[in-house]
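Only one chain is given next, in C-alpha cells, and it is the form predicted on its own.
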C-alpha cells in the first residue's frame, strides 16, 4: 500500500506542486490508524500508541524519501479527537516529534473529524495545539480554525504561536483574501500588481476614479 502514496507523490511533483502534505486528520485513513476511537486492530498496527502510529509514520517516511530534499513536506493532524478515549494532545506531541525525525517540515494542526467535534469553537481555537507542538518538538507549525482576520493572523505569527496560518472556508468566502490582507497590513493602496490581471487592471482604475492616492 505504501507504493500508492509514493505514486501519488510523484504525480503531484510532476504536476508542479512545491509542497506535499500527508493528511493524517479528519477521519481519513491515516487518522483512523492513529485514533483509538477507530483503530480496533490487534496486530502490530493496533493497540499501543507506538503500534497505532506505525503505518502513518511509514507513509510519512516513504513520501519524504520520494520528494526532493529542497521541497517541504507538511503533515496534517487532528491534534485532538475532543472526545472521551480519543487521540490526545499528548499523543500529537509524540507523533509530531517522530514525524519530524523522519523529515516532516511542518505540522498542520486541526482537530476532530471522526465523530464530530465536542470542543468550543472561536477564532483561533486550535492555535494552542500548534503552539504546544512547536514548543515541545521544535517543528514548524501551521494554525487553522476560524482565523478570518488578517491582523489576527499576523498577531499569531508575530507572537510565535504559529509559523503559518492556513485558510479554508475563508478563502471560499473571499478568494482574494491574501491580497486584501496585504493592503490591510500596510500595502500601498494603489498597488494591484499581485492581483489577477483581469481584475487588477480595473481595480487600479477604480481607485483613481475614487480619488485614492
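Positions refer to the first chain, counted from 1. Since the model is a prediction, treat every value here as computed from it, not as a measurement.
Another form, the form predicted in complex with a small molecule, is not on view; read the next lines as being about it.
Three-residue candidate spot 100, 139 and 162; no residue lies within 4.5 angstroms of the small molecule in the predicted complex by any non-hydrogen atom. The single contact residue among 186, 168, 68, 175, judged by any heavy atom lying within 4.5 Å of the small molecule in the predicted complex, is 168.
The contact residue chosen from 146, 37, 181, 157 relative to the small molecule in the predicted complex is 146, the criterion being a non-hydrogen atom within 4.5 angstroms. Of the candidate stretches 40-48, 149-157, 56-64, 26-34, only 26-34 contains residues with a heavy atom within 4.5 Å of the small molecule in the predicted complex. The small molecule is not shown here, but in the predicted complex it comes within 4.5 Å of a heavy atom of residue 110. Of the heavy atoms in residue 76, some are within 4.5 Å of the small molecule in the predicted complex.
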